[in-house]
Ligand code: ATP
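A lone chain, given as structure tokens: the form predicted on its own.
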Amino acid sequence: MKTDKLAHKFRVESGKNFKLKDFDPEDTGHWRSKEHAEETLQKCIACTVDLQDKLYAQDQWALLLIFQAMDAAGKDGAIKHVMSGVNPQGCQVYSFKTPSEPELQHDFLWRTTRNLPERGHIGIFNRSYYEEVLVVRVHPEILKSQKLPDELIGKNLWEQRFEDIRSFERHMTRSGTVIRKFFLHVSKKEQKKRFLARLEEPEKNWKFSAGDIHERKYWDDYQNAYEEMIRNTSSEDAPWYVVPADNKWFTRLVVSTVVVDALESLNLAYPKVDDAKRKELDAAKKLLISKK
């Protein structure tokens, strides 16, 4: 599909000069409405289904999709819509909440590493190890619960974690796992609108958490943390995509085009059988035809 231009528009391969303010949460490109983009979105979804089948059959590559965002940016909806129709046998979604006590007994990459996708599979992380340079950075008191030796908690902690993440992603890329990372960029105004909808619409009440309002007080701190995160962990092999999130339909379109672009780059194909296997298949066919 010719979706690479849209996919690359929001791609950050090098964070050297990255500034979050250069990306508009309301951007919808030349798409005027949900209806205008729907045909392209459906084509992308159908293409993803076909490519995932080949990914699974080929059993060599893995694809890891990482979603990070402020609350109410639409991560769940994007995952649900973009991956609709995909065979669940070859796709796993993991949502990472506050670390459990067993998880705190290990390094910060441990709990996510345990859930990396197998070859032939698509893995989706709804939040990830990046929480360790986001929430923990905004609320450094959390470090006290992580049981780190005091001498390891210094002024270079965040730079060290960025370095660890870059090395980890480089290792995974060299091992055959393609990584694509999405920051769903929602505005503070739109977040407020969605929070109010959760309070006012009964069918959305279950989504509301008082903690969401509490975290809004740290909006600027989070924006700075996200900017630093993207600036320090974007690379050619594991790029970030800063996806406009004020219009959910456009968010889903961009994410879908990135997934298609990533899968198409692998030149996926169904495995071809050798002569010995072909003879075995022909013999099995003859046997089935000869029997009632």
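Since this is a predicted model, take the numbers as computed values, not measurements. When you see a residue number, it is the position in the sequence shown, counting from 1.
The same protein also has a form predicted in complex with ligand ATP, omitted here; what follows describes it.
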Looking at 69-77, 84-92, 182-190, 164-172, which stretch has residues with any non-hydrogen atom within 4.5 Å of ligand ATP in the model of the complex? 69-77
Partner-free chain; cross-checking ligand ATP in the model of the complex, the single residue of 105, 205, 98, 156 with a heavy atom within 4.5 Å is 98
Ligand ATP in the model of the complex has a heavy atom of only one listed residue within 4.5 Å, and of 111, 216, 194, 121 that residue is 111
Within 4.5 Å of ligand ATP in the model of the complex, do we find a heavy atom from each of 126, 131 and 142? yes
Mark residue 135 yes when one of its heavy atoms lies within 4.5 Å of a heavy atom of ligand ATP in the model of the complex, and no otherwise. yes
